[in-house]
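The chain that follows stands alone, in the form predicted on its own, written as structure tokens.
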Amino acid sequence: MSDKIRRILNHESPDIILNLAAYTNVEKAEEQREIAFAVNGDALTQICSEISVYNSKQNKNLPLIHFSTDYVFDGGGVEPIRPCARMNPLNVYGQSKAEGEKNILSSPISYLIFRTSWVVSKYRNNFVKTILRKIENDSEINVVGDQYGAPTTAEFIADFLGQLIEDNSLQTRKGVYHICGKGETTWFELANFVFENFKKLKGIPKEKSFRINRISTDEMQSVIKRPRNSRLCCDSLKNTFSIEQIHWKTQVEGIIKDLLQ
């Protein structure tokens, strides 16, 4: 890892280091704890160390942009969680991401940490694509209705990053921020929203019997604890970067249309 980072720094002369690598499988992280911590935690120590050495040698202040998650919190309360709130993760995935954040915060480099939540996209596996697949397969599904948050599309984050890398004053905006869709919902409400949009675009044949059942977190009977409150306060992000926080419905509608057209 260190050798690879060193080669990039020495040969590419970057202006920004953007870390999007992460171990994100919440379930498997419980079984693969060492791998999760290696990718989400230990790797950040190496990255920060190499950036620090590079900055010292080149007399630069190369910043690191890193993405984290709502899972670093325990999900208590009902109010949107501010970036300065105490981290208290409930599972191995959250613990490994919190460790990565701590490693960045303890380093001397300039950094921007962006925590996000409920990321969906038209690419790879995610909740929206799962619901659309279940609809097509005429499945009956159970979806949790007492976990709250805001879906955020990878496309929205990518657009924000595109604007961010053009900013020449990143070093002066060092800190931890939250970025997510505007508004709030539950996984159950999101599933129904996807279903309603599917019907608008495709229609539903009479013989179809797709059904979404609302269940509680306790009824999931999962050994993995998940935060019930994933509402993130994005005020500092909007005040610092003048970003328009687009409503989660608008974001999700866009990817549903892309996937169904």
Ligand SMILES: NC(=O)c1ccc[n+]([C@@H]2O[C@H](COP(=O)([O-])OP(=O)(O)OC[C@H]3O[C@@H](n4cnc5c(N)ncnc54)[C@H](OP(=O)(O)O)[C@@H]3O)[C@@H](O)[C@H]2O)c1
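Residues carry their position along the shown sequence, with the first being 1. In this text, all values refer to a predicted model and were calculated from it rather than measured experimentally.
Omitted here: the form predicted together with the named molecule. The next part is about that form.
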| query | finding |
| --- | --- |
| Contact assignment for the named molecule in the predicted complex, among I17, L237, I246, A22, heavy atom within 4.5 Å | A22 |
| Among the candidates Y93, F73, Y111, F156, the residue which, in the predicted complex, approaches the named molecule to within 4.5 Å (heavy atoms) | Y93 |
| 4.5 angstroms heavy atom contact with the named molecule in the predicted complex for L164 | no |
| Exercise: Y177 in contact with the named molecule in the predicted complex, heavy atom 4.5 Å | no |
| is_contact(L64, the named molecule) in the predicted complex, heavy atom dist at most 4.5 Å | no |
| Close approach of S107 to the named molecule in the predicted complex, 4.5 Å, heavy atom | no |
| Stretch in contact in the predicted complex with the named molecule, which is absent here, among 130-138, 99-107, 77-85, 117-125 (heavy atoms within 4.5 Å) | 117-125 |
